[in-house]
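Before any questions on binding or motion, here is one chain by itself as structure tokens, the form predicted alone.
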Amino acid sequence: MKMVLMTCLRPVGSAGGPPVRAMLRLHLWLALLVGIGLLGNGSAWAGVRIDITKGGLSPLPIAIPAFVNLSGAGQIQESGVMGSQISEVITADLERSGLFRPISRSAFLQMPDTLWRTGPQFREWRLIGAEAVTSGAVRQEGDQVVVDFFLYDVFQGTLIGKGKRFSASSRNWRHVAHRVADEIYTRLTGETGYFTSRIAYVTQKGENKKIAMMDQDGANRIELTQGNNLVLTPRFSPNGDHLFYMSYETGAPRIFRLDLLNGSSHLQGDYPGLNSAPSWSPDGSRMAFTLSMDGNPEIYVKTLSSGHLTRMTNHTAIDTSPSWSPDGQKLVFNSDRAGSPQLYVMSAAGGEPKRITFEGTYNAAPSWSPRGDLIAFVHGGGGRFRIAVATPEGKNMRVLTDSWMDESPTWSPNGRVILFSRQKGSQSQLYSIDLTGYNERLVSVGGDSDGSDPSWSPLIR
């Protein structure tokens, strides 16, 4: 470990300071080490600006001025709000990640129009402490909004990557802003972003429970079901175009498949007993779920094209909540076959499950990370239920949250953030937390509605 850290800390670049991307990648690495306990007292690492009391790292200072509005001929227009709105969405995305600290626009010494025309006056950006700065422009082309942007390393005084152009229909301008935020995130961290994604969840207001969906930042909320029947566990397909969910529409618990493109919903089988806990295989061809048609809840896998059904478990205990590994080769599920709910991993081809959790009397609701390196789950003990992670072998378990009723973990598309629901009094709300256990945030579902049972979509391009 010492050798790895010394390699990371070697000086990079010119005397002007290390490149921004290299610095932020080092911040991320050290934050993860702090989060998993491989670094103890942070005082010895003060030189790399890790603040373990505020998210485990020092967020990178970045300046995101308003994007300028251009006419069709490419001239800067004084009027127009689209450029400012787009930069505000980008700013909010990056700040919410906990990895960036957007600098207040009131501190800027160079105006957006000059920045766009001539490029950054790097000395002025250094004076306000920015380590990266963006420059962008937006224009209308018919019913399309077109955005161009550049990202600069302030210390080096250089462009990071190339200029990039995104476009979409004008009504989807927020989507373009999220794509820019993803691009900035990727260039400065080396990780794929997650801002162009959606969240499906169960919302309740009064007695009605509905499946709802929104962008990851809470915008563009829509309800997908009518609220006439109890609904649970929405789960996105790997391409983001469909949802599995459980409903009592037929009078019994059954799994439905909702097409998000046309709104149609189809029953996925009418098997006797409980039909619940659906999970898509990574290639979208199969569904793992729980059936009790033989009198006891067991894990089954259904081939969606043919309807072929394969029984995966055979035990007198309750086996439920399956989740696929990202390569489709394994399943994790929870079972009380050892006397209390614990996690088990088995081959997706069948075979004997292997128990992987032994700490605590309750470990359930597993969700395999898109990276494949961790499994998130609900860890119970002492009358409290919190979100924890462990390796697929059950090692290095870490409890990330500190509340009394946290449940239903689901991963961001890049495997960096976990979304979950938290019971607070009589209401359930959505929260997110970084995989290091820092940067816990409330995710608003709007108004006084509940939010529970979340599912995070893949990137929507």
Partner chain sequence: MKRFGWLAVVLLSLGLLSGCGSTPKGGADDQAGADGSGGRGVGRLGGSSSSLDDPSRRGGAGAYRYDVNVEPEHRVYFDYNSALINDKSAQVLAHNAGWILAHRPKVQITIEGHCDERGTREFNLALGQQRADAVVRFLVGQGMEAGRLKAVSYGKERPLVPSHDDSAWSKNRRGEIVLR
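Numbering follows the first chain given and starts at 1. Because the structure is predicted, anything quoted here is derived from the model rather than measured.
Although it is not shown, the form predicted in complex with the partner chain is what the next lines describe.
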The partner chain isn't shown here, but in the predicted complex which of 189, 110, 334, 135 has a heavy atom within 4.5 Å of it?
334
To verify the annotation, which of these, 253, 326, 119, 80, has a non-hydrogen atom within 4.5 Å of the partner chain in the predicted complex?
253
Would you mind picking out the stretch of 154 to 162, 350 to 358, 193 to 201, 364 to 372 that comes within 4.5 angstroms of the partner chain in the predicted complex, counting non-hydrogen atoms?
364 to 372
Might residue 173 be said to contact the partner chain in the predicted complex, defining contact as any heavy atom within 4.5 Å?
no
Quick check on residue 70: any heavy atom within 4.5 Å of the partner chain in the predicted complex?
no
Closest heavy atom of residue 147 to the partner chain in the predicted complex, within 4.5 Å or not?
no
Is there a non-hydrogen atom of residue 452 within 4.5 angstroms of a non-hydrogen atom of the partner chain in the predicted complex?
yes
At 4.5 angstroms, heavy atoms only, are 318, 404 and 425 all close to the partner chain in the predicted complex?
yes
Under the 4.5 Å heavy atom criterion, name the residues of 216 to 232 that approach the partner chain in the predicted complex, in sequence order.
230, 232
